[in-house]
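This document opens with one chain alone, in structure tokens, the form predicted alone.
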Amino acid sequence: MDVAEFRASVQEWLAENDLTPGPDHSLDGQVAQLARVRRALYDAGWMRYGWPAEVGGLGGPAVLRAVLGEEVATRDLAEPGIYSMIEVLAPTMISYARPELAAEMVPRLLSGREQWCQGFSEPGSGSDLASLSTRATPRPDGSWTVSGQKVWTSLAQYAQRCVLLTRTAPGHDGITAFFVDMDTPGITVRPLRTMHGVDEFAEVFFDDVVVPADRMLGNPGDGWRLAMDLLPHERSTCFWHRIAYLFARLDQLIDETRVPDDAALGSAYLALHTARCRSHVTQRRLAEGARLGPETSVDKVLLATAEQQLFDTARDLLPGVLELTDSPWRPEYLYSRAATIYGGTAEIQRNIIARRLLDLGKE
């Protein structure tokens, strides 16, 4: 099935099957709606396109997943950030887990039966992921004991599994990844309330948590390579979904603006269009089987800039709406402030661009 045929078929199916969210717009409601959408799309086969048959997929290029997510995002059927987590975690499992484990687990994620989380960030490491200190210690029976703390773990309170980075030795080569069941004794999850009023993130504590040997992703010391493979995926199809959603919000802003400012709206459109053009290049490289790398830092900078500009424009063109009402624009504006922080700060991304793409050195 080619892309145009796939898109037309998805659009026709969505027109005939009502997946409109219900009245509960809380985080609980969003997670429940996400499971509902995934389950319906999986049962109809759409969620399986673009994934290999080895994990229950129906094959085809990865761009089919981008098209499906775009259709979901533009219809506001599921919050794009949590919908797109599948594009980070499923490819990681396919690349690093034992084939039997990936075959068992990935369909659970695709079908909405499970939610997973990503345990990378730590309180003391900031943007320096390599300084993580959560430790995994080998046991006589071959299993591992994990102790430490993670923070800013999205949707950890809803997750059944966690892709977890731990330290097993010094340095980058001493980072090892595991796939951990979140109901294992010794795991405590504490949600964090952010400034936009949503408990999307959580602290996760690991107190002598026993992880079986066959839950290691890759080999001991593969954790840093896994992380470097995962982050570009976070900036490929996930970003395509996010950009589609932001274009829908721009259309809504135009509809709600009583006194249009063509210059401001045009500037916001241009920023989003630039991010989409760059993301299209990344999608094309992904479809060609190219290995994504530091060039995706350009995608990150462009998207964060465009997102903040869009919601700055909403603040300026909808006077008082953010400050004086409970409009959805308010939490989205507040959340956009973090766009230049989460997933690697804008400063870190520009350093990567300067050093690794432009070869400007460390100064």
Ligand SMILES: Cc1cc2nc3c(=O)[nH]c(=O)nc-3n(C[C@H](O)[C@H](O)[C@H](O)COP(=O)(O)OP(=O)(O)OC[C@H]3O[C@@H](n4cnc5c(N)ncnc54)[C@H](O)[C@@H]3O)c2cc1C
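All of these numbers come straight from a predicted model, not from anything done at the bench. Start at 1 with the first residue shown and count on from there.
Below, we turn to the form predicted in complex with the named molecule, even though it does not appear here.
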Check your understanding: Looking in the predicted complex, is the named molecule within 4.5 angstroms of a heavy atom from every one of 13, 20 and 78?
Key -> no
Check your understanding: Is there a non-hydrogen atom of residue 154 within 4.5 angstroms of a non-hydrogen atom of the named molecule in the predicted complex?
Key -> yes
Review point. If you check in the predicted complex, is residue 119 within 4.5 Å of the named molecule, heavy atoms only?
Key: yes
Check your understanding: Just to confirm, residue 341 within 4.5 Å of the named molecule in the predicted complex by heavy atoms?
Key -> yes
**Study point:** 4.5 Å heavy atom contact, residue 200 to the named molecule in the predicted complex
**Key:** yes
Check your understanding: Of the listed stretches (281 to 289, 166 to 174, 145 to 153, 248 to 256), which one has a non-hydrogen atom within 4.5 Å of the named molecule in the predicted complex?
Key -> 145 to 153
